[in-house]
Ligand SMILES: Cc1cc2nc3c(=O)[nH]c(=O)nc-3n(C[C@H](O)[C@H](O)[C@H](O)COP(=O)(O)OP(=O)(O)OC[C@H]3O[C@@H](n4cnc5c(N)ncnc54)[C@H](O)[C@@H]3O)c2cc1C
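A lone chain, given as C-alpha cells: the form predicted on its own.
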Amino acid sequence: MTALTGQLQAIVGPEGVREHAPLATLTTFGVGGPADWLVEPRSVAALEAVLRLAASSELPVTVLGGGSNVLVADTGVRGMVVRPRLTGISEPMSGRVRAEAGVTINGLVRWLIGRGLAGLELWAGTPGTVGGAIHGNAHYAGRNISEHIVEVGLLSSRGVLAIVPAAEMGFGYDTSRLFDTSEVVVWADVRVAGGEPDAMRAVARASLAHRKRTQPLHLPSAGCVFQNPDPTRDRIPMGIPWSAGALVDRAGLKGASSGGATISTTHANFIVADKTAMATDIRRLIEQARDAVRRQFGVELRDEIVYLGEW
C-alpha cells in the first residue's frame, strides 16, 4: 500500500479506496482499463478533503458519475478517479429540491413523484447521476436538464465550495462550464411544483416506453455517441432529418461492426458492445461513422460521448 493510499483511506475509509482499480464495471459500456486510484467519498467533507489531497499531491483528478456517456480507454486513467457517493435528497425550501451528485436521475424522478412534486417526470429512464447530468447538460425530447436547475454547489480543485446560479453555469447543448474548469458537482437544486402522482407516473411510463421503443436499452451502450447537427453552422442535405443517427443510418453504417462493437440497428447514434468489446473497437467504429458522414454529406459529427484516460 502506498503512502497516498493510506492518506486516502484515513479520509474515506479502507472500503472507499482502491489502487489499480478496474473501471469497466463502473461504466455502461462495460469496457476500459484501470484507474491508478479509485476513490469513493460518501460525504461532502470527505470529497473536499480528497480534492485538497489530490491538489497538494499534484495528481490529476477525473470525476466519474454513473458511467454513462463515457468511454474509458483500454489503458485506463492515470491519477485519481473520484466517484462521489453522495446520495442525499432534501427539500431546502418550497419550490425546490436539492439532490446530491451521486443520486441517479431515475432515483430522483421516483423520489419526486412519490412526494407529489412535478418537474422531472419526463426524464424517467435517463441513465447516470445528477452530477453527470449537470456536467453535460443532459437533454431529452428537445429539453435540457438545465431548464429545471436553480443553482449548483461546486467544489474547486482545492475543495472550496461555491454556490453557482444556473445562469452562471455556462449551460449549452451537451455542455457546461465544467468542461473548462476543474470543479466538481456536489449538489443541484431542482425547480419543482405540486403535481398529481398518478398523472406524473403516466408521463414517466410514457417516456420510458418511448426510450425502450427507440433505443437499444437492453444492450450495453453509453447513450448517444454524437451530438445532433447544429442548424446555425451545419448544412444537412434535403430530405435528411437534423439527427446524427439519421446521418449515420443514411451513410449505410447501421449494423456495422468493429470487434465486439456494433452500431445499433435500433438507433444509429448508439453503439452497443458485447462481452468481447474493447474500447478501441468502439472508438474505431465512432471514427468510421464520422468519416462516412463527412465523405457522403459534408457534415462533421461532433462527439457527445466523453473520452476518459490515455488515448
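Each residue number is its position in the shown sequence, starting from 1. Computed from a prediction, not measured in an experiment: that's the story for all the values here.
What comes next is about the form predicted together with the ligand, which is not displayed.
- In the model of the complex, the ligand sits within 4.5 Å of a heavy atom belonging to Leu217.
- Contact annotation: Gly32 falls outside 4.5 Å of the ligand in the model of the complex, judged by heavy atom distances.
- Looking at His139, you'd find a heavy atom of it within 4.5 angstroms of the ligand in the model of the complex.
- Although the partner is absent here, Pro41 is not a contact residue: none of its heavy atoms lies within 4.5 angstroms of the ligand in the model of the complex.
- When you look in the model of the complex, the only residue of Arg211, Arg78, Arg191, Arg110 with a non-hydrogen atom within 4.5 Å of the ligand is Arg211.
- Only one of Gly223, Gly119, Gly159, Pro229 lies close to the ligand in the model of the complex, with a heavy atom inside 4.5 Å, and it is Gly223.
- Residues within 4.5 angstroms of the ligand in the model of the complex, judged by any non-hydrogen atom, belong to 62-70 and to none of the other stretches in 239-247, 62-70, 272-280, 254-262.
- In the model of the complex, the residues of 117-143 lying within 4.5 Å of the ligand by at least one heavy atom are, in order, Thr126, Pro127, Gly128, Thr129, Gly131, Gly132, Ala133, His135, Ala138, His139, Tyr140.
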